[in-house]
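Shown here is one chain on its own, the form predicted on its own, set out as structure tokens.
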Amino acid sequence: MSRINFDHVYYTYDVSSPLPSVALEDISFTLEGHFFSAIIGHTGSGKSTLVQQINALLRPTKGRVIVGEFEINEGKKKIKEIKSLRKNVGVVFQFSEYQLFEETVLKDVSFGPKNFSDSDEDATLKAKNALKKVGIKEEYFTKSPFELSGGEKRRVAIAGMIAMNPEILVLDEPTAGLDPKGAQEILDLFKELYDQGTSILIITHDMNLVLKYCNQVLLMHQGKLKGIYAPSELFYQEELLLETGIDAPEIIEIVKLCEENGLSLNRKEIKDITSLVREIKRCKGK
């Protein structure tokens, strides 16, 4: 079972300098079970700093993070079995080119499984399967990852994490820079992974994505967690959205217009235009 617990976590950059910068302030929450969750908030709200605590790329200045059986705290002591933690929690950052380093695409994606003691044959098989899942054609396997486009690099970085079969997959703006078709393909892949048992935690500015795919939303604002919401609850709270600078998905305004015209829609069922049409038909008895 996937479980992430933040227990009064603070994080300060340049803590010993004359001008320390507080990025996270008293963050406490728990995600558990099987989740497809989003972290949203304005640039500088602390989203990326928060996810880097999850696999100990950053350690709290104060407080602790518990991921499954692993505890990450402010101490200097080495975290036991950090390798296993990072196998269970795969993180793909927005600038995915920084995660690529091998001479070919196939070697890059094979590296993770090999690092966790898979044979060369097994690691290669996992890498090929992962690359096919993210839509990288076999003709690219022997290319240098640095010859790829930004979107292709992101797909390869995602494949590198998928090949290790993590329990939790954390993704920072995974659709940024992708065309609509490519973004849809990647999101459908994440939904497939979720349906197969992987928990997904995604940072995004795309509220349409959040409404369609996510079952809960962590809203960050100025280094603090405003709360955890269901998308169907959050996007109708106009004052909260205004305070935090979040724009609701376009479809929310259509829902409000329908309701103003007497339709009693089930907001929880509305994820996109298709589900909205289905709800309108239900209300009209068609």
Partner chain sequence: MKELPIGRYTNYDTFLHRLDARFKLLAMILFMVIVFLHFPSRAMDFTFYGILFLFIFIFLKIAKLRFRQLLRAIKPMWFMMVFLLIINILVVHTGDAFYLFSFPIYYDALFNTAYIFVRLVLMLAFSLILTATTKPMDLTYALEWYLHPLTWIKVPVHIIAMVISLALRFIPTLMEDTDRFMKAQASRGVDFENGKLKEKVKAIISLIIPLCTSAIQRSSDLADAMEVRGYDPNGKRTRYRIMKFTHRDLFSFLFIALLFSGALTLSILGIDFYMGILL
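Positions refer to the first chain, counted from 1. Since this is a predicted model, take the numbers as computed values, not measurements.
What comes next is about the form predicted together with the partner chain, which does not appear here.
In summary, the region of this chain contacting the partner chain in the model of the complex, judged by heavy atoms within 4.5 Å and restricted to 190-198, 133-141, 84-92, 205-213, corresponds to 84-92.
The partner is absent here; in the model of the complex, the one residue of D118, E173, E102, E167 having a heavy atom within 4.5 Å of the partner chain is E102. Shown without its partner, this chain lists L57, A230, I66, I254 as candidates; in the model of the complex, only L57 has a non-hydrogen atom within 4.5 angstroms of the partner chain. Proximity of Q52 to the partner chain in the model of the complex falls within the 4.5 Å heavy atom cutoff.
Remark: A127 does not count among the residues lining the partner chain in the model of the complex, judged by a heavy atom distance of 4.5 Å or less. When the partner chain is considered in the model of the complex, I72 lies well away from it, no heavy atom lying within 4.5 Å. In the model of the complex, M161 approaches the partner chain with a heavy atom inside 4.5 Å.
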